Ligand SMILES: Nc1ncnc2c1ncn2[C@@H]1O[C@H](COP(=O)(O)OP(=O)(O)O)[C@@H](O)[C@H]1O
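One chain is shown next in structure tokens, namely the form predicted alone.
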Amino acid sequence: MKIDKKEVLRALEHITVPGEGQNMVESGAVKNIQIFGDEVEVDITISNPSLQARKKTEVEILKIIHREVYEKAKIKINIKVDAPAKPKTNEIKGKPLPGIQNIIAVASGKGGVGKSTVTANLAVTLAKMGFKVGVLDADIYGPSMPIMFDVPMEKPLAVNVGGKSKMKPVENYGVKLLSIGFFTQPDQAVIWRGPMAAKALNQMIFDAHWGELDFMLIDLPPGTGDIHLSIMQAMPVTGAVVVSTPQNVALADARKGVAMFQQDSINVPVLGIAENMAYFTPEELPDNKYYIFGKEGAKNLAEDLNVPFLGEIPLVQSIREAGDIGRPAAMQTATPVEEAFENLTKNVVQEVVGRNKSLPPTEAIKITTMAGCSVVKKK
């Protein structure tokens, strides 16, 4: 049987390419059709790069030609993906929080890796270096900053700014601090759904008088969830620090944390990975290092993901004790712990400076909800 090219075209008019409103002939997706006896070769160009879209298009072409033209036709389909250029990102120049120069999210893939401890010590080390620093404790369900900064019973005061009443962050050790822990009782569990938590965060961000800050550190909850999206929706985050311990269980989750920030729809630069509890050094054997959780796991992960390695923090009793009494360990002078946190902080500052030189400001993201699922888009 001789196959007519016009019949093939008419058949293809029944197919709509995924993501297109017109049929594939009207949209110009059909680039070429060649007939060789009972053989049909079709060249198609689509804009949807997904494997599912390519497979669906191929199956529909096979079905329609076999049904409408010739059921025994031998069909070869060449599909080319011509995806539109990605829109430029990170173009928002203004800052939603006047006076705040850099917003650093401190995250972890899982709980228990010392993310809050690293945040607190990073904050006081920045303050010791002469920077103006604030900490937003965004760990809504497990706020620990009031204890770590020895202000568990403090309450933010109200101040009048431009005719509006604003919260004045609690301050200690040269660091301004806001936490949901200031508004709850020590034995009170915060049992909130996502929207309530997001509303509380927005109040601490936008209804507070932070003043001039060189750095705002955001202590995020562990994992990758609703609070993270709410924070990145509320403000353009300069960069993220991911904290992990060296063992494989923690590294697997840290990898997911890095992946979250690197998604095209979020696109927050990862300043690097910090390794906490890197090794144990007994007080009586200060020159010995015992790699209880494995050696250089986070460093190897950083190399594997091609992100900076920011430094390692030892597992020593004094860090835990300092956090419990509300005086971050980095405030101790002339100690290996102080040196470790200083090295980490210098690397973070260096990465922020490099990031600000080479990249435009990060955008806040837009989040819409469809059929119970969060959809992340750039503003």
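From 1 onward, residues are counted along the sequence shown. What you are looking at is a predicted structure, and each value in this text was computed from that prediction instead of being measured.
Keep in mind that the form predicted together with this ligand is missing from the display, and what follows is about it.
The candidate site formed by G111, M277 and I319 is fully in contact with this ligand in the predicted complex, as each residue has a non-hydrogen atom within 4.5 angstroms of it. Proximity to this ligand in the predicted complex, defined as a heavy atom within 4.5 Å, singles out one entry of T125, T117, S179, T238, which is T117.
Out of the listed residues I65, V352, I44, L315, L315 is the one that sits within 4.5 Å of this ligand in the predicted complex by at least one heavy atom. Proximity of V242 to this ligand in the predicted complex: non-hydrogen atoms within 4.5 Å are absent; the residue sits far from the partner. In the predicted complex, no heavy atom of A298 sits within 4.5 Å of this ligand. Comparing 208-216, 253-261, 156-164, 269-277 against this ligand in the predicted complex, the single stretch with non-hydrogen atoms within 4.5 angstroms of it is 269-277.
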